[in-house]
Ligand SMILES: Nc1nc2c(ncn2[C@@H]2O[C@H](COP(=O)(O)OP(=O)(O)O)[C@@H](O)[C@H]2O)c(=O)[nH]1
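The data below hold one chain only, encoded as structure tokens and taken in the form predicted on its own.
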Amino acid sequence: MVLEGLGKSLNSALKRLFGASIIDEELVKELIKDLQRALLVADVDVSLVMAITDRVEKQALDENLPRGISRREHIIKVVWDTLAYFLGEKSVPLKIQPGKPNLVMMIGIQGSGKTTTVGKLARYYQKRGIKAGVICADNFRPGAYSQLKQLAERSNVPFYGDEKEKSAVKLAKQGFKEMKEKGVELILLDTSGRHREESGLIKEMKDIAKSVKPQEIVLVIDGTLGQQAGAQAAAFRDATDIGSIIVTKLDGSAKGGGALSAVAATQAPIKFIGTGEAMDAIEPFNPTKFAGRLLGMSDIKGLVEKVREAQIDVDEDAAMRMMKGQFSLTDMMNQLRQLKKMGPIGKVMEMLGLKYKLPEDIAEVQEENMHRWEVIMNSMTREELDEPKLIKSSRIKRIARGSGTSSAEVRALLKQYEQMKKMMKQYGKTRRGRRGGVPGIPGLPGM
């Protein structure tokens, strides 16, 4: 989960507002202290922490309320907007002209996750109908060639490299030529990194850029560096007039907030973030959406996009039963299958604003568990599927024998069902009690 520690801290800070009957200056000042603590622990620069919280405090206390918005809602939106502002405010897409060869050069310090990011980007755009290909111009790191080749094969995208060639410039030029001949639209050029040797990296970057003239140069930065990421981003920004940033390793890094804020402070646009080790764990960086997720607010737009990408047909009646906690075992399995199409269930539920409510054993449901449950359910009667509360000791034994599983596994399925039922019923009540809008934030529009 992206920056889970910071997200939990920020979400906890906002809980003061939800439980308070009166929103006064004292409460706002307590909120400010909580926000400061959360940001400092996430390695955000002290001066930036003060700038963020000063802005929140001023707008929360001094601004006239928008019509139809309560003080509580107004303060939450101020926090949201302020975080988004300091993270870059607007999303900036990668420049790609479909139907033409678009060369994007990737650079980064050794160990930043650059080569893996090249593979992820190729897969990301390939899935979206843009023919992508990769070039290995990294003749410095042993294993770079084989690593990128394997990543390209996994995503079924064209690959170019030559382990015997010593000139990175020649590799880039020949690779670019071959990719154009193959009609590749997005050509991702992987270059060598240097460990703590930014000057050598930038010189090689300039030599290659001069020879192949890429449309864009992208710097890949390790999100675990914290505030130090800002120095790398600033050096890159000062070395070239074009460019953008991808921040990697944001899946739980304590310093991730510091890295994002430090990079954003350089005004170099962050275009993607890496959110895990899986090939699909990369996403366009949208400051507004990202700030909402940190605060535990729903990312409905992001969820809709994932549903559309997975081409899922939503059963509205089943969805309503789920929200009311009135669903059968069959309903539960159908919903889990749909969620699995969109990716890890924990990430999807995070988009629904449930990142701190979803039990770990539900969030971490694996394919093998779902397959086992289906086998177990195939040994149940229709009556048992519709009314799981009927399944007692004797039925459990029968179902276990019929499915070739154990009584403990049958009970585990029933326990999972009861946990999910309880969680969804509670969430449904919360939404209805707060009258819609972004879940948990009445009256606040979606992103």
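This is a predicted model, so every value here is computed, not measured. When you see a residue number, it is the position in the sequence shown, counting from 1.
Form predicted in complex with the ligand: not shown, discussed below.
Put simply, Val375 is far from the ligand in the predicted complex: not one heavy atom of it is within 4.5 Å. In the predicted complex, at least one heavy atom of Lys249 sits within 4.5 Å of a heavy atom of the ligand. In the predicted complex, at least one heavy atom of Gln147 sits within 4.5 Å of the ligand.
A residue is said to contact a partner when one of its heavy atoms sits within 4.5 Å of a partner heavy atom; Pro284 fails this definition for the ligand in the predicted complex, lying far away. Considering the ligand in the predicted complex, the lone stretch of 111-119, 82-90, 161-169, 260-268 in range is 111-119 [heavy atom distance within 4.5 Å]. Gly274 is the sole member of Gly133, Gly226, Gly274, Gly243 with a non-hydrogen atom lying within 4.5 angstroms of the ligand in the predicted complex.
Scanning Arg71, Arg141, Lys173, Lys180 against the ligand in the predicted complex with a 4.5 Å heavy atom cut-off leaves one residue, Arg141.
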